[in-house]
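First come two forms of one protein chain, each written alone as C-alpha cells, so that there is a structure 1 and a structure 2.
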Structure 1
Amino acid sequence: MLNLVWVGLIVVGVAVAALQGHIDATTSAAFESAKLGVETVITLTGIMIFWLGIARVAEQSGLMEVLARVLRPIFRFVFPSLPRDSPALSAILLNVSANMLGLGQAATPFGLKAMQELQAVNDQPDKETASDAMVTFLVLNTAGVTLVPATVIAYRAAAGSRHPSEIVAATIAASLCSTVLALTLDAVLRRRRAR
C-alpha cells in the first residue's frame, strides 16, 4: 500500500510534468527536496538528542509507574473482563502510560508483554481469535492517547516555529475525545455481542 502511494506520487508527478511540458522541474524538485530533507533532519537531531535524554530520566525514575497507579481505577472500568491484580492489566497500564508521556520506545515492550498476558487468559476456544480485552487494548493503543506530543513539538521547533508547543492542548483534547469515542463504540459492540 505504502509502496503504491510512494511510487504513485513520483510517477504521476513525472507524467504531469511531461504533459505540461516542464519535465526538468521534476529533476530540480527531487534534488532540492532531498537536500531539504537532510537539512530538516540535521536541525532535528539536536532537539531529539535533548528530548531522548529527558525521556530516559523519566523512564529510569519510574514516572510511568506513577502515572500507571493514577490510571488504574479508570482502567478497571475499561477492561471489565480482567481481574484487578492481573499481570495483563499492569502491562497495559505501563504501555499506555509510556505512550501518554511520549516514550514510544518504552511503550512497545510493555505492549507486547500485555498481549502475551492477554493471550494467556484468552477465553476464545482457538486462541487465534482476539479476546474482548485484546480488542479494547488495541483500540486504546491505536486511538493514541497523548499527554506529551514530544516528537511533534521537536519537529515544529526544528521547522522554526515561534511557539513549538502551542498545539499541545489541541492535541490532548483531540486524542482524548477520539479515544473516549472509540472506547464507547467498543463497549457498545461488546454489549451487543453479549446479548
Structure 2
Amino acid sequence: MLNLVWVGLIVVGVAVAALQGHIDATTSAAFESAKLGVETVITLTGIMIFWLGIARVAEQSGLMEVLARVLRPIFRFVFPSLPRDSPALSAILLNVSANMLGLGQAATPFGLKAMQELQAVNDQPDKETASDAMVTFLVLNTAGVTLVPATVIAYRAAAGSRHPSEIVAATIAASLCSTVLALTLDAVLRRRRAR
C-alpha cells in the first residue's frame, strides 16, 4: 500500500513539473538526489563499520562486561522478579551497555537474547502474554540512556556538520529524562494493575 502512495506522489510530481515546463529541473533534481543518496550511504557505511568495530573491541576487551557489572545493582532494583543469577539479566545488561554507547546495531543481538531468556522465565499463565520484566525491558530499551550517540554523530558528520559531537550533552540529558520518566510510569502502572 505504501508503495502505491510513493508511486502516486512521484507520478503526480512529474506530471505537474511537465505541465509547468520544469521537467529538466525535475530530472536534474532526481540525479542530484540519487548522487547525494549514494554518497550518504557510503559515508554512513564507513562510520557504522568503524563504530561496530569499536563495539567489538569493547565487547572483546571486557568493557561492556565492566559496564554491565557497574549497572547490576541498579538492574536488580529495576527487575525485582528476575532471579539473581538469571542469564536474562546478563543479556539485558549487555544490551543496555551497548545502547548507552550508542551502538544500537551491536545491541540488537543482546536484546533478542534477553527477550528469549525473559520468555524462558515468563510466569504468565498464557505464555503469549508479556511478563512484567519483559515490559520493563522494552520500556528501558526504548527510552534508554545514551552516553555516546554514535549513530547520530555519524549522521551529522555525513551531513557535513562542523561539530557533529556537540549534541552529546543534550542527548545525555534528554535520554536520562526519558528513561527516568519511562521507568517511573512503568513502576506506577505495574503497581496499579497489581491492586
Partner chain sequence: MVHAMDVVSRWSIPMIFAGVLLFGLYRRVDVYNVFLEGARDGIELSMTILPYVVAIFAALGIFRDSGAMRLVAHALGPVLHRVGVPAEVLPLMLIRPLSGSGALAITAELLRRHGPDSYVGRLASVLQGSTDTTFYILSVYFGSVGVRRIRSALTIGLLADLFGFALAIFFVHLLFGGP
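Residue positions are counted from 1 along structure 1's sequence. Definition used throughout: the rigid core is the maximal C-alpha set that superposes within 1.5 Å between two forms. Computed from a predicted structure; not experimentally measured.
Q: Two forms of the same chain here; which is the form predicted in complex with its partner chain?
A: Only structure 1 fits here, because that chain is the form predicted in complex with its partner chain.
Q: With the core lined up, does the C-alpha of A17 move 2 Å or more between structure 1 and structure 2?
A: Comparing forms between structure 1 and structure 2, the A17 CA shifts at least 2 Å.
Q: Checking A170 here: with the core superposed, does its CA move 2 Å or more between structure 1 and structure 2?
A: No, A170 moves less than 2 Å.
Q: By how many angstrom is the CA atom of T27 displaced between structure 1 and structure 2 after fitting on the core?
A: Once the two forms are fitted on their core, the shift reads 4.9 Å.
Q: How much does the C-alpha of G8 move between structure 1 and structure 2, in Å, when the core is lined up?
A: Value for G8 between structure 1 and structure 2: 8.1 Å of C-alpha shift.
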